[in-house]
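Take a look at this single chain, the form predicted on its own, given in structure tokens.
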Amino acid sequence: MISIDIEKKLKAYKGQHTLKIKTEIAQGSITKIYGPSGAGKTTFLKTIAGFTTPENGKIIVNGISWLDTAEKISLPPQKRGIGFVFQDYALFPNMTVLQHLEYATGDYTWINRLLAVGNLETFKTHKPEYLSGGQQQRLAILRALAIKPKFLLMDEPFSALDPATKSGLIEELKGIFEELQATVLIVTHNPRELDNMTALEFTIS
């Protein structure tokens, strides 16, 4: 079980407001997160990952405190073992597709499987600048999965994909999520985007 109770101040166009989230997420579940632009969806993911710290709150994962502002506990991101798919992909410009995955794991059986899932087998030697937006997005997803995370955070992970590619990839990912027994949080601007994936939902406003 993942217990989250946080408050984080946000700067917005219309002034400052506070992101308040109190929820429990079951291990192995898939949760869709949606809401208006500027509501704090990305900030919420980054707080869970440890990339940003709220003013107040706790994050407890399977009885282990990842964050407790009152006790001054904040587990660093590398110790949380999270896979993160960034909205802007955050790929390394000097690395090929294969090198992105090798950076995360030395398991070539797993690497080859991921390349097949992302339909990137023939692009192993390509650097990001030679990939389309959709290919870059798929690489970002594969890189996050390379560490076989138990907790996967995905920020608008399908925005650059055409409907057919998106549908096929989601079907492949459903099997991987189940196999890894991963808890997945997916930020989406479209609440209907993942209708073919069983998921819990909550809105940030």
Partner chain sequence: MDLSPVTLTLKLAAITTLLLLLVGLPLAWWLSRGRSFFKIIAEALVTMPLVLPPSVLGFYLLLAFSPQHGLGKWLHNSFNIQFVFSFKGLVLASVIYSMPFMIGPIKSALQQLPVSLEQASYSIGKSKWQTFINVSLPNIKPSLLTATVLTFAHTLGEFGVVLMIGGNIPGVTRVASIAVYESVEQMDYSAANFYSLVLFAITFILVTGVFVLNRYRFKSPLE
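For clarity, every value in this text was computed on a predicted model and none was experimentally measured. Positions refer to the first chain, counted from 1.
Just so you know, the form predicted in complex with the partner chain exists too; it's not on screen, but the next bit is about it.
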Selected contact from Lys46, Lys166, Lys32, Lys58, since only one has a non-hydrogen atom within 4.5 angstroms of the partner chain in the predicted complex: Lys46
Mind checking whether each of Ala116, Phe177 and Leu180 has a heavy atom within 4.5 Å of the partner chain in the predicted complex? no
Phe123: heavy atom within 4.5 Å of the partner chain in the predicted complex? no
Although the partner chain is absent from this view, report whether Pro128 comes within 4.5 Å of it in the predicted complex, heavy atoms only. yes
Please tell me whether any heavy atom belonging to Glu71 falls inside 4.5 Å of a heavy atom of the partner chain, as the geometry stands in the predicted complex. no
Answer yes if any heavy atom of Gln136 is within 4.5 Å of a heavy atom of the partner chain in the predicted complex; otherwise answer no. yes
Can you tell me which of 23 to 31, 60 to 68, 142 to 150, 155 to 163 lies within 4.5 Å of the partner chain in the predicted complex, counting heavy atoms only? 142 to 150
Stretch 81 to 115 - residues with a heavy atom within 4.5 Å of the partner chain in the predicted complex: Ile82, Phe84, Phe86, Asp88, Ala90, Leu91, Phe92, Pro93, Asn94, Met95, Tyr103, Ala104
